[in-house]
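Below sits a lone chain in structure tokens, taken as the form predicted alone.
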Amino acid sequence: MTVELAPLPAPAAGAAPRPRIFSGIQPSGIVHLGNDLGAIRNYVMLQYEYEAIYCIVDYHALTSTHDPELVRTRTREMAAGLLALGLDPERCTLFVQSHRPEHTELMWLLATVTPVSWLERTPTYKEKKQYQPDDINHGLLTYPVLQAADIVIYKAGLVPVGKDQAAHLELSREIVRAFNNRYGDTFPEPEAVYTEAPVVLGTDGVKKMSKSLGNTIDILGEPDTIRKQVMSMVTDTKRILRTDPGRPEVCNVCQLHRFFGDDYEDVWDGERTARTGCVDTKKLLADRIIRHYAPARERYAELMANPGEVDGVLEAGADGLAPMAAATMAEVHAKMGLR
């Protein structure tokens, strides 16, 4: 399922500015199918409608990734992937979180109005405690405070999220209310722009697609890699024989066909009637994913071969935000009795 948007004309003189949105994405390396369907496609659409600020959150990544070279490599890979998949530096701002260190200063200041009990109840903290029980660092607990700082330092009023992320945004709103109540009206309470982004299951057919779980489809990887990953996907576990009818409603492969062709209902019918087998359906999906992402894959290879181009976009993005970040921090300092 692709969306084509015509470029919008520049705002007329005196026209109201477009609403400002902010969203961050983890530097998990080469983007996978879940990244694109769950976030990046919406990023591309929204850059035409809003003043869009997109951040690669490398500070957040340090809560679980402690290899410096890996952090650097994954950050550049994510940036190149975002650009290859359609982010336009002329229409949005793309930067790296650590390039604007004001984020962490504001996070500390917001932490002074944030009760520990709010942080201990967050689903992400509870989840991370299970996934990395030997590395329950302070950053995992205070992660939501940095998220709030990321958003409000640019006074973004809107945050594009899936409905499953609503609880995390509500905590940012609570932190903003706590600060405004103590120091006076300073930050807007960020509101959700709910997207139609699906929850994309991984190749295991059970858990959300994630690099940390090793269940991804690396859409910008080599075609042979993509094909191998798709062919490893779990389908309808109750369909034992090739002649058994399938259940496309519960088959992850069939569900993904919805995004790569208008004929997905025919594909589903083939499974229901056993006209096609799971192997056939996976081969077709692999072919379509490879074909769909071919231009982006080519552009990604060009960007990775010219890292200076990627770095230039990120540096320009961070530099362009400097006046906005400085103005916010000056206001916060004044209200909190600093400097």
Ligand code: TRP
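For every residue, the number given is its place in the sequence shown, counted from 1. All of these numbers come straight from a predicted model, not from anything done at the bench. Heads up, when I say rigid core I mean the largest set of C-alphas that superpose within 1.5 Å between the two forms.
Form predicted in complex with this ligand: not shown, discussed below.
Heavy atom of each of 57, 151 and 165 within 4.5 Å of this ligand in the predicted bound form: Heavy-atom distance to this ligand in the predicted bound form: all three under 4.5 Å.
Single option in 65, 276, 42, 26 placed near this ligand in the predicted bound form, where near means a heavy atom within 4.5 Å: Filtering the options by heavy-atom distance leaves 26.
Contact residue in the predicted bound form, from 159, 94, 253, 220 (heavy atom within 4.5 Å of this ligand): After the contact test, the surviving option is 159.
Stretch from 57 to 65, 278 to 286, 304 to 312, 291 to 299 whose residues place a heavy atom within 4.5 Å of this ligand in the predicted bound form: Contact-bearing stretch, as computed: 57 to 65.
Non-hydrogen atom contact residue 268 with this ligand in the predicted bound form at 4.5 angstroms: No - in the predicted bound form, heavy atoms of residue 268 and this ligand never come within 4.5 Å of each other.
4.5 Å heavy atom contact, residue 264 and this ligand in the predicted bound form: Answer no; every heavy atom of residue 264 is more than 4.5 Å from this ligand in the predicted bound form.
Close approach of residue 147 to this ligand in the predicted bound form, 4.5 Å, heavy atom: Heavy-atom contact with this ligand at 4.5 Å: present for residue 147.
Interface membership of residue 259, this ligand in the predicted bound form, 4.5 Å heavy atom rule: It does not: once this ligand is placed as it appears in the predicted bound form, residue 259 has no heavy atom within 4.5 Å of it.
Residue 191 C-alpha relocation of at least 2 Å between the shown form and the other one, rigid core basis: Yes, residue 191 moves 2 Å or more.
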